[in-house]
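One chain is shown next in structure tokens, namely the form predicted on its own.
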Amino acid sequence: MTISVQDPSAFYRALCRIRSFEETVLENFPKGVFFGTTHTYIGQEANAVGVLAHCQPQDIVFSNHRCHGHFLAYGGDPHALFAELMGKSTGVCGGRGGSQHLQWKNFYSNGIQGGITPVATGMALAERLQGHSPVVFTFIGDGTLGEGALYESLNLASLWHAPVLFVLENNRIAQTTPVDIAVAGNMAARFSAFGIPAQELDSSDVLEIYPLAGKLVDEVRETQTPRALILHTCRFGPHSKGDDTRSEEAIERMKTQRDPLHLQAARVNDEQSIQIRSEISAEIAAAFQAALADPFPVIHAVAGSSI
């Protein structure tokens, strides 16, 4: 998805699309229309939009359990994503993957904590050895810093020159565990220990994230070596559907100070802002209703089976 920094309305539209989708998911999950679980991206929208605005068609994106925002910022269809969450045949993966396990074009997500990093590193290396030059975007969270597979991946990515941009979204709480009692030391040092240059940004402003992400993407593309971008961000919603141990006051304070939609709305005139929100609301509502009406997959019995 290519967005020009000169067009604030395009950024605002992309942010609103993710927010509206995720709010629709949380609103309707208790009604039983979705299968499995879900992890929404509310509050973190600027990360996906600011980073993936630099994604080119040949690039590859690896996401995690909190993947809806990444998928939509990549250019994914809200209707197909709703249908996937509902287990419908029209879903991104025909209803087989659910909320966490998506594959579309060069987009992949996996719900296993840290499980994407070895795959992403291996794919980046394979592409480079074949003479291709995509950037492999790999989104992880602060909780992944406790997974050993991550450090094996960082070691090999650096040692073998894999063109990966590791994007660490530190939303300061892994499920219900605050980062200050779960992560020791310095986050950037974890990457620099393996010779991977890392830059940090504490912001929810898409226009601050966009240029820094672009700089690092260009470096990966030009040098065919890994980089890391650490985005200190805020998650407004629960870890999944209702498991939030933070106080309402703390969450409201974050929303007041750090809402990426409010920050970007200030750069769009009131008439544009109202029109964009109205159009996105209608788009997401139509996508949801279409998915509700879609068919479930037909299961064919295999000869000799007990189905």
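Residue indices: 1-based, along the sequence shown. Predicted model only: the values in this text are computed from it and were never measured.
The discussion below concerns the form predicted together with a further copy of the same chain, not included here.
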Problem set entry | Touches a further copy of the same chain in the predicted bound form: Asp180 (any heavy atom, 4.5 Å) | yes
Exercise. Do Asn155 and a further copy of the same chain share at least one heavy atom pair within 4.5 Å in the predicted bound form?
Worked result: yes
Exercise. Just to confirm, Arg227 within 4.5 Å of a further copy of the same chain in the predicted bound form by heavy atoms?
Worked result: no
Problem set entry | in the predicted bound form, Arg190 touching a further copy of the same chain (heavy atom, 4.5 Å) | yes
Seminar exercise, completed: Contact with a further copy of the same chain in the predicted bound form, heavy atom within 4.5 Å, among Glu219, Glu200, Glu147, Asp77 goes to Glu147
Seminar exercise, completed: Taking a further copy of the same chain in the predicted bound form and a 4.5 Å non-hydrogen atom cutoff, the residues of 194-222 making contact are Phe194, Gly195
